[in-house]
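Only one chain is included here, represented as structure tokens and corresponding to the form predicted alone.
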């Protein structure tokens, strides 16, 4: 066992910090140069470590993308967990939480990365599968929220609930595209129209 490998296993906090360092650098490279334009040499330069060191943590660029998708999913799941843990009416909790969702989907840097990954998914079957898998998990987690005891639509049919969830996801996902095409778009303008729409989707028809 090499000294590097031993160090990684005996200091997991340092290993996690190094992994995050690589992921942050890779995300920056993908935004600036695209998936194909950002090679491991570019990523290693941005991360401030050798390419060989990066391979201690990730086998390939696809492995880096997989980790970025996993990190994004964990962040999203932490928001869902906050919804579940917070006392009170689920509808009001989710309406309030919609502001956080708008912030995330209107963030220019995050949006640029998401658009690049979607573009790569159109060419790369493995990346497409990873993004589809992430979406499947996210919809399942939202379904768990909306079928819980505090949900006002818990008795909705499966087909109708699927429709509501997909419309919610389409609205938030579409904000990334709208902000790209209309950079002057403002959060407060979106929320004026968004909150009534969310209320409608989370109430029985």
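All values derive from a computational prediction rather than experimental measurement. Residue numbers count along the first chain shown, from 1.
Not on display, but discussed next: the form predicted in complex with the DNA.
Is residue 61 close enough to touch the DNA in the predicted bound form, meaning at least one heavy atom pair within 4.5 Å? Yes, residue 61 lies within 4.5 Å of the DNA in the predicted bound form.
Going by a heavy atom distance of 4.5 Å, is residue 169 a contact of the DNA in the predicted bound form? Residue 169: no, not in contact with the DNA in the predicted bound form.
Residue 53 versus the DNA, in the predicted bound form: is there a non-hydrogen atom within 4.5 Å? Yes, residue 53 is a contact residue.
Contact flag, residue 29 vs the DNA in the predicted bound form, heavy atom cut 4.5 Å: Result no; residue 29 lies far from the DNA in the predicted bound form.
One stretch from 138-146, 152-160, 171-179, 42-50 that, in the predicted bound form, holds residues within 4.5 Å of the DNA by heavy atom: Of the options given, it is 42-50.
Contact test, all of 83, 93 and 105, partner the DNA in the predicted bound form, heavy atom 4.5 Å: Looking in the predicted bound form, the three residues 83, 93 and 105 all stay beyond 4.5 Å of the DNA (heavy atoms).
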